[in-house]
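Have a look below at one chain only, the form predicted on its own, in structure tokens format.
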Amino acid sequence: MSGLNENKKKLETYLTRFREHGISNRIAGQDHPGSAGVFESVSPVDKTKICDVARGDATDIDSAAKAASAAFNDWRDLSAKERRRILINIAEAIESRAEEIAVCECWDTGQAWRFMSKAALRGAENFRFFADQVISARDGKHLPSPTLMNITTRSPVGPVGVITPWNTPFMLSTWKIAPALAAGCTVVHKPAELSPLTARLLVEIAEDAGLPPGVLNTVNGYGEEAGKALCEHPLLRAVAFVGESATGKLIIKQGADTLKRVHLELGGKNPVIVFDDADLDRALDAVIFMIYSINGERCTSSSRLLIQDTVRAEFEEKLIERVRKIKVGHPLDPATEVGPLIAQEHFDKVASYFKIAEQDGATIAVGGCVGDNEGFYVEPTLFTDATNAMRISQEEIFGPVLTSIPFFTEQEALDIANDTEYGLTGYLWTNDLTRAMRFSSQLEAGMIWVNSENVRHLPTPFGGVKNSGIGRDGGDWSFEFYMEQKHIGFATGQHKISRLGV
């Protein structure tokens, strides 16, 4: 309890400035009110108002896009050494304010302290990693032919838009913004309206660390107003988005008239497949972690458990026992493992699947109820006796809810795993290396972990297939999105030019 009380005291200190002044848009290094007024930010912990937030619209997006465009040439032409120095400064500043970021994130999103205290540092890691890539970001290739010396170069695509989600918003914002800045792009950032606090902290940290005005601009607001205007603005050459698949499809349409390139990191209904030859204790730990941590509100959560029938009873029995022990509580309590969901609408959506599961014939083995706390709490839930045709197996619930589906053969497991419109991640548990290689090559997912939970290695590609997205983040894959490729051919002495009209 002492840890909770200490974090509550810190919260009061950190929230004072937001309560007194609200959150403004930040454009060209200056605060700006929202042209459409303000909206309220509400904490999911107890449904109380946090502060007023500027409600941006097309007017504000236009101002931010013009600011990003005006700042672009100088930022693009800044030496790689100097740009790297600024990004390192940002990483160090994030580390120095990690506690503030984490406390605000907990209150703003309902995510547990034990995870958000690490997520802030992940944000610093993202900036530090891409800072180190700046020196080689524009490197090209030498591709000689018999008559030409061909070289390629890369240059930043221009001002870009970044739209980030409400789950772990600080870390995911850095995941998009750091490589954009490293590439030499300027940014207009629209944070999710449900969790705007740490986006404000990020732009302050960046400017204090030496980022020139206009290089990073933040406009708050609703998707149908500010988000739509961002996607349609002709000065913004690309849009990077993290969020649900339905919104991603709208972004493609909204950016079509300006031929905007898009990077979409979307939803998932990810399978974790456990064969009877797996290390079942380790698999159990990973299954629980990948669905019930982060409140189940993440795209890479393993929300479908495919369990081989020969070990199903034993595995589900242990799973039920463990899920019942998961601690639900105040997100600032260091002992809490699951906090409240983000908002009323999402709370209602997740809770609706309890009745859907019963209607479709599944069993609610654990949970299936809402909490009796003040905020948007639901109990960690496990559905058993499910088939893959049920809605609980096909639709992204995006909460602490796991659906267990039995299988008998490897081929049946593969068919079930691929029988979904999504294809973000897959998790495979088996001690048969040949099976692991064979199964992974046929599993329709952009990322697969074998005998592991989701462990990010920043140089590797991150992204999905099917309705889970377009494009890849991570390492040089991020630069492929934020940069243009240019080919230059130099003629050699052996090159002969065709002559006409001689």
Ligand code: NAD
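The first residue of the sequence shown is number 1, and the count goes up from there. Keep in mind it's a predicted model, so treat the numbers as computed, not measured.
Just so you know, the form predicted in complex with ligand NAD exists too; it's not on screen, but the next bit is about it.
A residue is said to contact a partner when one of its heavy atoms sits within 4.5 Å of a partner heavy atom; G268 meets this definition for ligand NAD in the predicted bound form.
By the criterion of a heavy atom within 4.5 Å, S404 is excluded from the residues contacting ligand NAD in the predicted bound form.
For Y222, a non-hydrogen atom is located within 4.5 Å of ligand NAD in the predicted bound form, even though that partner is not displayed.
Of the heavy atoms in E244, some are within 4.5 Å of ligand NAD in the predicted bound form.
Partner proximity in the predicted bound form, defined as non-hydrogen atoms within 4.5 angstroms of ligand NAD, places exactly one of 245-253, 133-141, 408-416, 364-372 at the interface: 245-253.
Taking the partner from elsewhere, every residue among N167, A192 and C231 has a non-hydrogen atom within 4.5 angstroms of ligand NAD in the predicted bound form. This chain is displayed alone, yet in the predicted bound form one of F275, Y353, F398, Y292 has a heavy atom within 4.5 Å of ligand NAD; that residue is F398.
For the candidate set A283, I307, I163, L236, a heavy atom within 4.5 Å of ligand NAD in the predicted bound form is found for exactly one residue, namely I163.
Shown here without ligand NAD, the chain has only L424 in 424-445 lying with a heavy atom within 4.5 Å of that partner in the predicted bound form.
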